[in-house]
Each structure stands twice: as structure tokens, then as C-alpha cells.
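The chain below stands alone, shown as C-alpha cells; this is the form predicted alone.
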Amino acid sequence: MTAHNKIRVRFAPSPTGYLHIGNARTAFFNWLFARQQNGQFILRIEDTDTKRSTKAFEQSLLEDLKWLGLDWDEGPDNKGHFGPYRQSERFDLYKDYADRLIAQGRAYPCYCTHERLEEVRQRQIKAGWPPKYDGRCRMLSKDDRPKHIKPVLRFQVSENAVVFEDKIHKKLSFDGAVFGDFIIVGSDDIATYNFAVVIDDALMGITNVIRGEDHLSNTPRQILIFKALGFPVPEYAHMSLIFGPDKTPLSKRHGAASINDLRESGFLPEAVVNHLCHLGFSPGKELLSIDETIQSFSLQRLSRSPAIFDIERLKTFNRAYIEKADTERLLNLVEPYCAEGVSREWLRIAVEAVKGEATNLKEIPDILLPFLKQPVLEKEAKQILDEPSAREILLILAEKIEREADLTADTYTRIITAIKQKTGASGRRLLMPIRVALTGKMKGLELEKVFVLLGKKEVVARAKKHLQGV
């Protein structure tokens, strides 16, 4: 079966762990390209590593992609006509094509032991040659084949150069003589990555392969298999790798290594997607809608320099997206982390008030904590309340508020003005004792919002508590 005559790209993760940020970027850029070109985005699961692949990791991959907003046109959830979309369900297909290569004389069984291969390798390294298979079993007759050894299957490489045009790296050339006859089927009858991926890409009609440059060395081998089987060769684009700010490969020490880490740390998917867009690509502005990202995306504009994942920049994006986010959506996300017994209506007002202050979703309940329980005074905050003017300010504050029917932004302005006129205090000297008495902290939410969130009764109670020296 052949695909339609349109752009078809794929993301093919292995379900051996959580979705890495680098793989998420690969998925996102493939998805962007497909959506921009009115093409199709295919999800394929490469689960031939039977020891490490699990259904749980496959499920988490699917959930993370959905969380990021990446939908697929064909995939393991029974969408599409070019399945199955799990490699573990395609073994018969690989065997058919392996048999074809044997019949053409392009593949042959190899009986060399690990010990012999290692011995050849060491000898080549010592002589200053690039290590490769020496072709010993190429011409082995059937009579000379050992009966007690289960062979691997090797692809026979001609010594010509493999030349292709990469959308990012431009024209590339690899010398076939350097990498030698490589294994396409293991002694366990499982197709190797380089073989399975070619059969899958060909039969699924993949037109463009967009992936990390760590796959560059695989590409010439794959092109040789495409050509040997008479399949059209897709266009390739190999993206730069992602490093942390210290120019080392991305890991947890840089703040996160997987999408799961970021989800659990309280990042919004739109902030993560926005940061992914800036990794190896310059869209021209800091914050983009998904439609703007699709319109601005270009393979030709992807950088060859390593992309830098910076958790601090992501926090900046996240803060901006939290502030812009719909309050009801944020309320649903943070409600499970808030104390029981808090009314949803109060929480809605509170989230609306504090959403411009939070770097991540987890911070919202922390910011709200001083409004839900009696604050604990920070050490420096206690010194503020010991200042002589603090008592007078809190006394007037309690008196003025008790006369008000309710607290609003307007009453806050009026009361602060009255205290200022009566005490002569202004700026930090006026506002800091009030902030400390009400929240226990020297920094935080605007006092106007603090008043409204606490309400008349609680503001008076907290001011009087400190007047009594408690």
C-alpha cells in the first residue's frame, strides 16, 4: 500500500522511558511541519527493545504528547491505513524484506563470534584504521556455514560514497568503505533499528524525516537500504542537539530532562511548547500563539548550533502564560493542592488576584497560604513590628477598617491615605508594618489585593493580634 501524494512525517519514540525534552522538540517540529504543509503527522512506536520497552512508558508518551497539544493523524490508537504502528507487530514485514535482500545478493548470514569481531576491531584500531566488519562471511559457501551458530544478517555495502542533501546541513557525503557491512537482523531474528526504520518509513509513505543530528551516522546506511529495495528516499533534516546552559547534554541537573518533570513542576503546556519553539529556531518574537508558530516555522531556518534549554527562560515564559491563562482553568489545576474547606468562589477571586505573581502552578497555593492560615513571622519581619511607628499604624488601620462595611480596592486607597495623613509615615515605613502584620512576609502580593482576599474581619483580627503583642 502506498501513501497519498502529500507531505507525511513521523515521530517514532521508543517506550523505554519518559518523553525527553529533545524528543518532544523532535515531535513538535515534525507536527509543525505537517500542519504548515497541510500534511500528515504519524506516530509510530519503536518497541523492538523488548527488555526495556513497557506499555506504561508507551501510555505516558501518548499522554505527554496530548498534554503538549500534539495530535496525530495516524498512530497506535487504530488511526490510519498504514499500520500496524508498533514495530513489535511488524516482524513479518521485516522478514519479507530481509528475504528479498538475500535473494538479490545484497544481504548474507554472518557467523562470526563476538570474540572474533572484537579481535578484528582491536587489530584495525592498532593499525590506525576505522573499525568495521572485514567481510569474512561474504563469500562463505553453504557447506562452510557452522551448524551450531545462529547467524546475524549483514547488508552488503559497496565502497561508493553516499551523498545526500540535508535541509539543515546542506550537501553531505559519507564514504561507504568506512562503515562496512552492517547488521540488519540480529541472531534473535529481530530487525535492527536501521533496517526496521527503512521498511516502516517506506511502507508508511514518509516523505520527510526530521530528527536529531545524533542520527546523521545512521542516514547513509538507511539510504543504501532504501535504494537496494527500490524505495524512494525521503528528504532529511537533522536538527542540532539540545544542551543545558553549561554546554553539556541536557539532564535533570539542568532543572528537567523530561516532559513529565516539567508537568510535575507546575509548567503549563503552552509555555513548554513556546520554549521548544525557541530551541534551534528563532521565530522572531518571545511569546507566540500556536497559529503564529505554525506560520513562522521553516526547516531552512533551523540552526546548526546546539540549542540551549534554559529553565530560567522557561520560567519567564511560564509566568507570562499563567498570567494570561483563563482563571477557571487555573482554578481547576490548583484546587487539588489547596486546603480543604476553602470555598470555590473565594479561591476563584484569589487565583485571579495572584496569577500574575506565580512562576509555576505549584507556587499559587504557596502564595495563598498566608490567607488560609495564620502567617508565621519571618525573622526580619518581626523587627519591622518592633519599630515604634508600627504600633500607631496598625492601631489606626484596625480603627478605620472596623468602620467600613466591606473591603474593596477603593477602601484600601482611602484607608492608606488616612493613615499617611495621621502618622506622617509614607512609603516603606507606612506599608511594611501592614504587610508584615497581615502576611508575615516582607514581600508578596500587592497590599490592595491582600486586603480584599483577607476581608474586613481577618484584617482587623491580624492587626489587633500584633497590637496585643502576640
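Each residue number is its position in the shown sequence, starting from 1. Note that this is a predicted model, so its numbers are computed, not measured.
In what follows, reference is made to the form predicted together with ligand GLU, a form of this protein that is not presented.
Distance check, residue 121 to ligand GLU in the predicted complex, heavy atom within 4.5 Å: Result no; residue 121 lies far from ligand GLU in the predicted complex.
Contact flag, residue 211 vs ligand GLU in the predicted complex, heavy atom cut 4.5 Å: Within the cut-off, so yes.
Touches ligand GLU in the predicted complex: residue 13 (any heavy atom, 4.5 Å): Yes.
Ligand GLU contact in the predicted complex: residue 193, any heavy atom under 4.5 Å: So residue 193 counts as contacting ligand GLU.
Contact residue in the predicted complex, chosen from 391, 400, 278, 215 - any heavy atom within 4.5 Å of ligand GLU: Selected residue: 215.
Sole residue of 353, 184, 197, 157 within 4.5 Å of ligand GLU in the predicted complex, by heavy atom: Only one option qualifies, and that one is 197.
Residues from 29-65 in contact with ligand GLU (non-hydrogen atom within 4.5 Å) in the predicted complex: Result: 46 alone.
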